[in-house]
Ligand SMILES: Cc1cc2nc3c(=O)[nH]c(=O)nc-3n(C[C@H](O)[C@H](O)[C@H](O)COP(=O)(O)OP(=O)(O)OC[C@H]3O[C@@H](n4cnc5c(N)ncnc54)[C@H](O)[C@@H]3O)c2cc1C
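Only one chain is included here, represented as structure tokens and corresponding to the form predicted on its own.
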């Protein structure tokens, strides 16, 4: 169907940030339209799959209030949906040398016996220390997206799947978005396009790089993978951060590497090759040696990264009607969007303030 429709806010991209924004705005009575190029449950972006990690341990205290709001928002979503979405398992984040990780109740652990007591199944490499985050845990990613969609639709949001965005412009009274079905006019535009953020926001394209990220998930129900034997964990290495998600609710243990090749999102992301799968299994065996590492799922997703691996959330300096919600740099489910103001987005750019389209990189 073609034509012109209007709304208070139009949101591009219905991954975790876009769907959270749509649901939050619709619940406040805002007329909101959400548009996604693909159908629900697709594997072309960054929000698919069963689980994600959440933590309070972050490198800079400027993030602490935002992360705290994210925890509050997940608990609010649990109440609204009636579903269990957040499993608190604790987290142990291993590193060589000094660590910048900090956060409420996070503590540095240097004694190996204490590490083993906190997380018996996690084999911290020799010479490493670790930061313990008692609040860390596992998010039910797939369930969360379904819950948000259900709440958004119940509140009257117009969700348009399988619709391609052709472009957008600012106009006298807001923004105009052109799609292959027609034109949408709104007071505000939120761009949460994930791997397509650089295309949808060409002003920011030089800040963003898309990576292919690989994960392996192994059989659920193994004692070594269940909290409290195993919690959320990571190992900071020179060739990429290894992250692990425990089997908190029958989802199996998942491991991935927070590094990968640059990828064109227009090309469907390739699944792990046999050699890549073997490498993931080797890492899982090294860090959780008591697990049977035979994979039940091998997957690939796309991260939209900045050079300093921080996220970009805020109004465009030269178009304040437009709110950018990317790149998430692997933090998407941990700092999911939670708009508190009618028709306006939060303003965070790793720290705070509008996004200058003349900047080459976000500030550290």
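Numbering follows the first chain given and starts at 1. What you see is a predicted model, and the numbers here were worked out from it, not measured in a lab.
Here the subject shifts to the form predicted together with the ligand, a form of this protein not shown in this document.
**Q** Only one of these stretches, 122-130, 272-280, 156-164, 218-226, has heavy atoms within 4.5 Å of the ligand in the predicted complex; which one is it?
**A** The contacting stretch is 156-164.
**Q** Even though the ligand is not shown here, does residue 246 get within 4.5 Å of it in the predicted complex, heavy atoms only?
**A** No, residue 246 is distant from the partner.
**Q** Does the ligand get within 4.5 angstroms of any non-hydrogen atom of residue 314 in the predicted complex?
**A** Residue 314: no, not in contact with the ligand in the predicted complex.
**Q** In the predicted complex, does residue 16 have a heavy atom within 4.5 Å of the ligand?
**A** It does: once the ligand is placed as it appears in the predicted complex, residue 16 has a heavy atom within 4.5 Å of it.
**Q** State yes or no: in the predicted complex, is some non-hydrogen atom of residue 23 no more than 4.5 angstroms from a non-hydrogen atom of the ligand?
**A** No, residue 23 is distant from the partner.
**Q** Which pick from 207, 213, 284, 253 sits with a heavy atom within 4.5 Å of the ligand in the predicted complex?
**A** If I apply the 4.5 Å criterion carefully, the residue I get is 213.
**Q** Can you tell me which residues in 298-323 come within 4.5 angstroms of the ligand in the predicted complex, by heavy atoms?
**A** Heavy-atom contacts within 4.5 Å come from 301, 302, 303.
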